[in-house]
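Just one chain follows, in the form predicted alone, and it is written as structure tokens.
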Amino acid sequence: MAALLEMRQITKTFPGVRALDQVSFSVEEGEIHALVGENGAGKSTLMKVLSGIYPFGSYEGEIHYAGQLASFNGIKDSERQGIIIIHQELALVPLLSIAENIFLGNECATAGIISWHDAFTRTETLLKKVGLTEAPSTKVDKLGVGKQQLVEIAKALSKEVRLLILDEPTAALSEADSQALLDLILELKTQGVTSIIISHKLNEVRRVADTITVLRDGATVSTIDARGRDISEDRIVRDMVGRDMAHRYPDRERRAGEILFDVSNWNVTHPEHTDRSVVKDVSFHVRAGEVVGIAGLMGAGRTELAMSLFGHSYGRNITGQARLMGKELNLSSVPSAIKGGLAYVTEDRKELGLIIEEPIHRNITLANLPKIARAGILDSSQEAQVAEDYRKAMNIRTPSVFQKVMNLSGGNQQKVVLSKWLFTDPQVLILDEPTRGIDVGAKFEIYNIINDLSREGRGVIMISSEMSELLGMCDRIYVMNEGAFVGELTADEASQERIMSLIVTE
């Protein structure tokens, strides 16, 4: 089969960093090609070169597309050739309708006058192709993330897409929405659409990809033909990280001490619909040095529980008791929760965990400013030193703590969030999806940090949608369903089957 795309010897340099080093990358017409690698390997940079976000002349090497030498000077140039990129952060306007979003910048207009009849008719056709039944007039903010992702694909189809690039398309989706999206990508393949998928979810890559290209440290490591072959995750991981990962989770000695943190009869109602209970009479405990998992399906109430414990950040009519080493805690506000020894790493680090346009040192000290202040005035040199100490201790890959957080990879951003909360010296850390959106190498580093915290005698509460992660890391697992705890399993008792049986039988 002929190559639709060839990127030859692509080199892209930023000040002090070579992001791509003579990368060659080829995609055949009509295939699904997965691009994988650790955070910072150069995947997104390569796609930004291809789509013209980094214009011709800002990189070395050549792009050949559909048999022609390409020189895209902006994203409009690549879109005119049928190359459409859908970023991880969706580019939709929430308060506009589906139809308005699909044709934004590409309006159905004659002599400057929009034909809404044409726009709505074409939108209905496009929505049928992606499996949506919503009316074209539906506001985007009324849709879930999964359906918004489908609107983005409908928007791509409206531009007569020939090569579709999807950057972490299922990162924020539920299991059901993820499977639906993968099915759609396979269906588009039958219609002649070629796709490039960037993903950390190797099980999804193995399911849909015809070819897998692995990048490491800005260079091409391998290209694997996956047609009709069962390519193991271990094979892909080995190429990604440069070593075998026989043990995906680091070993640690389990040493649970006395009860450190316990919660009894915790109840929370919805912040707007106060007749609806979202956390129902939950009781649990965490011992010193213990990693305790909370398993459950999306919507089970895990995040709502965590946020309500951390300073009543979520919910109304919160009742129940929480104790640290037997002493009742005041958790009525975030400052009081921090003072009481709690820390909370949110599942959405960019929106709730970091100020991404601020530098690393500002983010790390943000939750404990009094510690680096004298008479109410921040000591900037001490702030920089604190950040530098955490940079070394947490292995945050950056040339300087004065680098903006937005320029870091996902794994390094997560280390900054963890550093911020460790600077408050918490006794109990609540980690909500601590490895979401980061690669296997960075995950292993996060797991080692969690193990270090448990060795120090801290208590860790770990919420994760990856059941294998809970099984690999936790001493005990509570199972949550519809706002209530429906079971408790030790590490020896726990399995995916037992967890799921608790969820579906209660």
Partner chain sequence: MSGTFSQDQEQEQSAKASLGHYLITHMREYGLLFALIAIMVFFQIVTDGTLMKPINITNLVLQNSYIIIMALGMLVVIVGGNIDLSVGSVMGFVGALAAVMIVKWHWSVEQTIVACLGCGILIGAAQGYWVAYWKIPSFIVTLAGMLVFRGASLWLLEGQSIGPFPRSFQSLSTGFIPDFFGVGRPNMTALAAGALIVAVVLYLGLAKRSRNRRYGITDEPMAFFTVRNAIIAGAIMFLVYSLSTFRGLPNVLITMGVLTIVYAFLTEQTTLGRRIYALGGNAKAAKLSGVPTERLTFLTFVNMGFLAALAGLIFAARLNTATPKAGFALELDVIAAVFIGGASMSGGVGTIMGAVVGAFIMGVMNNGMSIMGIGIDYQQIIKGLVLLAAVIFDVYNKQKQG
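If you're wondering where the values come from, they're calculated on a predicted model, not measured in any experiment. Residue numbers count along the first chain shown, from 1.
In what follows, reference is made to the form predicted together with its partner chain, a form of this protein that is not presented.
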Legend entry - its partner chain in the model of the complex: contacting segment from 318-326, 200-208, 381-389, 144-152, heavy atom within 4.5 Å: 381-389
Inset, instruction - Please state whether every one of the three residues 84, 122 and 127 places a non-hydrogen atom within 4.5 angstroms of its partner chain in the model of the complex. - result: no
Inset, instruction - Answer yes if any heavy atom of residue 353 is within 4.5 Å of a heavy atom of its partner chain in the model of the complex; otherwise answer no. - result: yes
Legend entry - Exercise: residue 335 in contact with its partner chain in the model of the complex, heavy atom 4.5 Å: yes
Legend entry - is_contact(residue 358, its partner chain) in the model of the complex, heavy atom dist at most 4.5 Å: yes
Legend entry - residue 266 within 4.5 Å of its partner chain in the model of the complex, heavy atoms: no
Inset, instruction - Could you spot which one of 365, 101, 170, 412 gets a heavy atom to within 4.5 Å of its partner chain in the model of the complex? - result: 365
Inset, instruction - Would you mind picking the one in 105, 257, 376, 94 that has a heavy atom within 4.5 Å of its partner chain in the model of the complex? - result: 376
Inset, instruction - Output the sequence-ordered list of residues from 200-221 with at least one heavy atom within 4.5 Å of its partner chain in the model of the complex. - result: none
Inset, instruction - Please say whether the CA atoms of residue 141 and residue 272 come closer or move farther apart in the model of the complex, knowing the change relative to this form is 3 Å or more. - result: closer
Inset, instruction - Looking in the model of the complex, decide if the C-alpha atoms of residue 400 and residue 48 are closer or farther than in the form shown; they differ by 3 Å or more. - result: farther
